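Taking the form predicted alone, here's one chain by itself in structure tokens.
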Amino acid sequence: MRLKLAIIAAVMVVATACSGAATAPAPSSQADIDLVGPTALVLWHTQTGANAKALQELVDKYNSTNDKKITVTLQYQGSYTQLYQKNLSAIQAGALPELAVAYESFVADYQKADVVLNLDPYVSSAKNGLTKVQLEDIYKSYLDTNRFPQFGNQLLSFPFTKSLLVTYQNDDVLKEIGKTAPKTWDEFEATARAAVKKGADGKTSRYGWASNISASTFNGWVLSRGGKLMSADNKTVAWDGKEGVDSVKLFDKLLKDGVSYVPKGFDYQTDFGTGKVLFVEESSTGRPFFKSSFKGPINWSITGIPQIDPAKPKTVQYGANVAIFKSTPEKQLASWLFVKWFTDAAQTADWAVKSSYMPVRNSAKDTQVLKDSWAKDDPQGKQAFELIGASLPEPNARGQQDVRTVIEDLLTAVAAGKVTDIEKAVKDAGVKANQILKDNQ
């Protein structure tokens, strides 16, 4: 935390020192310029393994087919936290890449130094932007999360790797206990309890629920209960009310009753495949990891998380975006043209199949590559895709990275049996979170 604050403080000194520099050309003219000659770009990212290979293949395709002589070079920067720290250092050193993958909270911190490009003029450009039909094809929630009320509601990043919180359901276990997929939280609790099995030694051999400790999962619980994550003015949290309290109470009750457990690492994936747990709430991108842990064929599916009102389902949307940093007019436009290409239907469908992220366009469902994947290899991917409309973005105000830690510390304390008054603990966590938000305004 001290390192982060020190870096941000240094960033502000740099930003202030540069405030007297000459005014750059108007963004609208920069979005409409002609690119003359080769333009080289660097994209910092966090993808590894098969995803890194898929990303490189798409970039290679762009480099060899675009008619603007734009060349994108990928540079792996480690984990998201490592990439974030490197970007803060790069801001201080004046050595940012042209593009970087970033969570909303990262972008908010970067923009405190006024280094992130506003994409609105590029999106609306008659020459290089998106048509009304193209813009409406991108899921609204994916765009909304990239608008920052703290910075004039500017579009400061663009959807890149999107997913949502879903329920992984072992259909074999569900059939065995004679239950159907629960839609409400009350049905979920009853079904999870019915799935519990103990051996002759009294030890639990099967649980109803693997309860992962995650701020995003908690946010999904709050949304599914009809709650909000932030106040209307985006300055204080709203998850510390009844919806948050009820969520933590259920988490606590099912742990104490032996219906659920907090898994270690990714044990829940193997447990799910071997029938040791009925339900897991996890990101939709976990599909290939679940499948790779299966020891044999099983019947399973993806459903929405339980709801207070199944007629108005809500879950949490997460995943990273891509930010373009201010540089030269040519590099800025070239960066936008690459992002625009990457998120077109053909590319987002290809990326979705190879990476297990959700496509960012609704029309991707009509591409043959996605149809074939859903029909042959990934029917659960289609189930997740059909839930996108229920997903809502997490907050993007500055300080959210530390707010997430507050939430996870609360859940960890509850799981360890260190909390006797759930309502007070949630309220206290809200106070801590609000102070963080206040300090970052």
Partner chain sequence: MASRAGAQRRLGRPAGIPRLRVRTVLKHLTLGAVAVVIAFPFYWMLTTAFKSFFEATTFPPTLFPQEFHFENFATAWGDAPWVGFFRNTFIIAIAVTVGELATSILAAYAFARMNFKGKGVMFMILLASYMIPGEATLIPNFVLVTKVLHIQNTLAVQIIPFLASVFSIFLLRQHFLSIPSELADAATVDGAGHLRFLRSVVLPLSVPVLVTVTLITALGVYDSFQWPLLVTNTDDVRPVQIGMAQFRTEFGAQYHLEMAAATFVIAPVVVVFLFLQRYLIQGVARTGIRG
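Just so it is clear, the model here is predicted, and its values are computed rather than measured. Positions refer to the first chain, counted from 1.
There is another form of the same protein, the form predicted in complex with the partner chain; it is not shown, and what comes next is about it.
Only one segment in the set 91-99, 341-349, 231-239, 128-136 has residues whose heavy atoms sit within 4.5 Å of the partner chain in the predicted complex; it is 91-99. When contacts are defined as a non-hydrogen atom within 4.5 Å, none of 175, 179 and 199 contacts the partner chain in the predicted complex.
Of the residues 53, 68, 382, 61, just one reaches the partner chain in the predicted complex with a heavy atom at 4.5 Å or closer; this is 53.
Interface residue among 256, 295, 140, 203 relative to the partner chain in the predicted complex, by the heavy atom within 4.5 Å criterion: 295.
At a distance threshold of 4.5 angstroms between non-hydrogen atoms, residue 304 is out of contact with the partner chain in the predicted complex. Taking non-hydrogen atoms only, residue 328 never approaches the partner chain to within 4.5 angstroms in the predicted complex. Residue contact with the partner chain in the predicted complex: residue 185 places no heavy atom within 4.5 Å of it. Not displayed here, the partner chain is kept clear of residue 151 by more than 4.5 Å at the level of heavy atoms in the predicted complex. Contact residues in stretch 73-95 (any heavy atom within 4.5 Å of the partner chain, taken in the predicted complex) are 75, 76, 77, 78, 80, 82, 86, 89, 90, 92, 93, 95.
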